[in-house]
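This document opens with one chain alone, in structure tokens, the form predicted alone.
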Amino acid sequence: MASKKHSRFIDWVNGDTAEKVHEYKFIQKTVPPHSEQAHDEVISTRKARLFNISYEISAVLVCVILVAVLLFTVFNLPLFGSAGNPASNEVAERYLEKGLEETGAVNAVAGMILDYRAFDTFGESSVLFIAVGCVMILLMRDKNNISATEDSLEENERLIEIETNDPILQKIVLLIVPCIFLFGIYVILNGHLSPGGGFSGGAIMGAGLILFAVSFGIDAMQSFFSIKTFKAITTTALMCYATLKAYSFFMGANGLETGIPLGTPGAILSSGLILVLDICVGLIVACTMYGFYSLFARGDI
């Protein structure tokens, strides 16, 4: 009984209607019990059951192992407030005492995450890129996973969206969105001078993109921000970040001069590569935020 409910649930997830399922079961019953086709179907059913059982067991084992590793790591962390904690040793003192001299960034946090620990930030940016890529694989609409009925429903939704546009809302958004983008750019460009940076500025710009898409529709957004634009911006930003920091770390690890001036602390063109890296991170975050919204709302960018 449980297997029948499971198969019905799988059919429902795959989009099979009740008529199709009934028709499939009817055809199955008409197959002679001792025919070669019936024998092959029994074997395939057994293989499917074995695969499902092994898959569920493997999933449980992976989860148990992951939880065990995380718990082991947590229990072996140093006690909070201990003198031997990384937060109390010479690393933190180095960030605060030598950060301005070595990175040129007035904002010590920006100097830490985009210079001393720049590869950690690159990993975080890569996680965002991979996450939106996975959502794109699962939710992206194309001719292989969209039926004619769903396509027509989507077209009707687009027509309704166009006909129900609110002119007052659109006029206000046209006034607000440029201010949001200007503030987001300001936060990104001043990340090495004051609180802010690529993550916070990118989130502000991403919110501006979402607000424009909600007010004017996905079609209006696609007129200047399409899937090609999304791919070009995110890929270029990630590659630029990786190339610049790989060069910087390679030269520094070998005791060579990078040739990148730190500039005057407090000036907008200062802190070496931190300003450029902030811009790259901001672009990735902004595109990721809008990508999530667009994919979950319409299955397209």
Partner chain sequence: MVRDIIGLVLIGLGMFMILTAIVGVFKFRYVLNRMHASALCDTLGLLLVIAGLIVILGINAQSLKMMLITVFMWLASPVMSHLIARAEVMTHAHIKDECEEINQCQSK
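This structure is a prediction, so every number in the text was calculated from the model and none was measured. Residue numbers count along the first chain shown, from 1.
Not pictured, yet referred to below: the form predicted together with the partner chain.
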| property | result |
| --- | --- |
| Partner contact for N76 in the predicted bound form: the partner chain, 4.5 angstroms, heavy atom | no |
| is_contact(I130, the partner chain) in the predicted bound form, heavy atom dist at most 4.5 Å | no |
| 4.5 angstroms heavy atom contact with the partner chain in the predicted bound form for E93 | no |
| Exercise: T164 in contact with the partner chain in the predicted bound form, heavy atom 4.5 Å | yes |
| Option touching the partner chain, based on a heavy atom within 4.5 Å in the predicted bound form, out of I176, I227, L138, A108 | I176 |
| Contact assignment for the partner chain in the predicted bound form, among L169, C134, L71, L182, heavy atom within 4.5 Å | L169 |
